[in-house]
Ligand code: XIL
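Coming up is one lone chain in structure tokens, specifically the form predicted alone.
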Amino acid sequence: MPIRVSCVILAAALAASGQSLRDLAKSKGVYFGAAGAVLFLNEGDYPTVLAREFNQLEPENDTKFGPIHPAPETYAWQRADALVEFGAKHGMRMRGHTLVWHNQNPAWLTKGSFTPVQLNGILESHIAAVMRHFRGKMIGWDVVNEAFNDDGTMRSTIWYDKPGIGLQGTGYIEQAFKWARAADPDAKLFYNDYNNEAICAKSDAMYAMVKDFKARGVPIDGVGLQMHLTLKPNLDTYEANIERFEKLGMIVEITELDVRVPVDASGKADPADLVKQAEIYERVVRGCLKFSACKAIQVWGVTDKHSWIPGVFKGTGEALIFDKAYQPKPAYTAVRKAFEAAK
């Protein structure tokens, strides 16, 4: 059977190398995680590879507003609960994603014509319900996701100005963090975004917000650098960016790492591009491991078979460290190399 063959090949690769990535990460004092989906836990190698290689698990979609809060008085806990149960069974740290975002909100919310006062109450109740349900099970949350445009201005969203919850500037972000702290005082609270790995207009806006929050006692523990990268990433100031957030006392986590490459009509990448991809993975991991503030590196999915990339970025794919048959790619070896080289 193909599944048995792939498991044997992977097991042989691990036996030759000695340790899984989760074990290597643990030996360096960090977590190596993946975004997961309960739909695939009964699929062949998926649970085997997930449990063997990763010691952190985050629901890819199942704790976002729409999936978990499909009707005004209804919460759908089953899928997220199943992931939490899987994580607990396999000694994995659980991370929540995401409480406040402009995407994947339910129709009852986006088409409800609510006033700012009403939206304020809805969001407070949502954050409280979700965080209290998972209290003691999630080590932290992406409280607010992708609130800034690439030029550093505020993104126009239902929570900010369409119509918003009645607060100006970064006020709605601040309020969400305050509600989150009240709901679960022990959870680590993160602001998460993309195109923020380098020092740039967006990461500058994040930095200014975090610095302001820290000065005024607004509860925030960390920042997430998503790192959905291409073969030409802007990493020249990546380490300096981590360093400046570290100096503010922030935890820094790589939260959604993948590196998309051009693919042909059958979805196959040029082997040379996979070598370049591996070099980028290695550089990202090595950079994180230089800083005590960088506590986790998480890839956005387990296998290319289920990656979101081909559906969103046409003509690209093969973005993860395991291929569609769950075989380790050059990127897998590169991540291993980075962990082994770290002091």
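Note that residue numbering begins at 1 and tracks the sequence as displayed. Only a predicted model underlies this, so the values are computations on that prediction, with no experimental measurement involved.
The same protein has a further form, the form predicted together with the ligand, not shown here; the description that follows concerns it.
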field: Listed residue (316, 48, 303, 61) with a non-hydrogen atom within 4.5 angstroms of the ligand in the predicted complex
entry: 61
- request: Sort through 228, 137, 202, 79 and report the residue having a heavy atom within 4.5 Å of the ligand in the predicted complex.
  value: 228
query: Looking in the predicted complex, is the ligand within 4.5 angstroms of a heavy atom from every one of 97, 104 and 308?
result: yes
query: Taking the shortest heavy atom distance, is residue 239 within 4.5 Å of the ligand in the predicted complex?
result: no
message: Can you tell me whether residue 196 touches the ligand? I mean in the predicted complex, with a 4.5 angstroms heavy atom cut-off.
response: no
Any non-hydrogen atom of residue 221 within 4.5 angstroms of the ligand in the predicted complex: no
query: Does the 4.5 Å heavy atom contact test between residue 184 and the ligand in the predicted complex come out positive?
result: no
- prompt: Counting only heavy atoms and a 4.5 Å cutoff, which of 125 to 133, 203 to 211, 176 to 184, 140 to 148 contacts the ligand in the predicted complex?
  reply: 140 to 148
message: Can you list, in sequence order, the residues from 229 to 243 that come within 4.5 Å of the ligand in the predicted complex, counting heavy atoms only?
response: none
